[in-house]
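We begin with a single chain expressed as structure tokens, specifically the form predicted on its own.
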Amino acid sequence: MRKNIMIDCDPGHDDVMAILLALGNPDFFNVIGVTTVAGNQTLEKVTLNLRRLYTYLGMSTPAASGAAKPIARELVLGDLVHGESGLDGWDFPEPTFELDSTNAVTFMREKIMNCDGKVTLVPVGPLTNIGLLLATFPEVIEKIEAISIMGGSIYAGNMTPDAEFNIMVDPEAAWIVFKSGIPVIMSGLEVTHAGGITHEEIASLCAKDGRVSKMCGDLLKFYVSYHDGVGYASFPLHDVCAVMYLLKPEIFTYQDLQVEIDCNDGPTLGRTAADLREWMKYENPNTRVLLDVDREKFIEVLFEAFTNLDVMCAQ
């Protein structure tokens, strides 16, 4: 039976790669919906990016736009990495794909409650939509198998010494998610940096003729231009990890921990705190924290999805 998933995202270069990994494995994933949230760019821009992507692919899933700002804070954007559009590096067509809804919370509730079987949520942006869903419609909790997020870090952040971008943008929403009782799978910076892509691998995509592979190569060439400036040797495809774990859990290593979200204003705001002392034992840890991944296998599986989509989009 295919795994029912719903992707919540802020496209975003790595968001697009995560969506493509799911769409490129249709025998494994049943994508019941994709929702957008402000983060990498404004809600208007990231939603337009999703519509342009689907128009370019000639594919679709049910889709809705969601929160334009965090639950209790002003929006902080990730536009330094993703450019003015949020998805710079490829000339997408004007969209013909239309959303099913502009209310992601009611959209998600409907799709989850009407789905045959449980659903795994895959939020790869700020957790605003998911936090609002769980707070507004707690009846969905029993229908959610797990929440596989991209966000957080148990060692060091990227926005501050303690906080990763997605969690820091809306820590209150993250607090709701991690306290929900739903199993959380956390693809934090530890594992996303372990799953980086190289310049040579990006060049190999750029050299391909396939409609999707070529697009991905050009998008990633723009995406890594920011990381080049800060001395990276390989370039993290952060959001891909949250989908990849569901597809290939055997290529990851992890530790089950109790993760707490710091919502206090101050230098540790947005920290995903875990007690890493060796003698600590958790009876019911709330989070599976991914720590490492087989990088070569990670890239191989991702590129296979792009190749599958090259064929699917050419038909």
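Just so it is clear, the structure is predicted and the values come from calculations on it, not from any experiment. Note that residue numbering begins at 1 and tracks the sequence as displayed.
Omitted here: the form predicted together with alpha-D-ribofuranose (RIB). The next part is about that form.
- Contact check for residue 40: a non-hydrogen atom falls within 4.5 Å of alpha-D-ribofuranose (RIB) in the predicted complex.
- Contact annotation: residue 129 falls outside 4.5 Å of alpha-D-ribofuranose (RIB) in the predicted complex, judged by heavy atom distances.
- In the predicted complex, alpha-D-ribofuranose (RIB) lies within 4.5 Å of some heavy atom of residue 165.
- Among residues of the shown chain, residue 239 is one whose heavy atoms approach alpha-D-ribofuranose (RIB) to within 4.5 Å in the predicted complex.
- The contact residue chosen from 108, 173, 150, 216 relative to alpha-D-ribofuranose (RIB) in the predicted complex is 150, the criterion being a non-hydrogen atom within 4.5 angstroms.
- Contact with alpha-D-ribofuranose (RIB) in the predicted complex, defined as a heavy atom within 4.5 Å, holds for exactly one of 133, 186, 243, 124, namely 124.
- Checking 157 to 165, 198 to 206, 175 to 183, 97 to 105 against alpha-D-ribofuranose (RIB) in the predicted complex, the stretch whose residues place heavy atoms within 4.5 Å of it is 157 to 165.
- Residues of 81 to 111 placing a heavy atom within 4.5 Å of alpha-D-ribofuranose (RIB) in the predicted complex: 82 alone.
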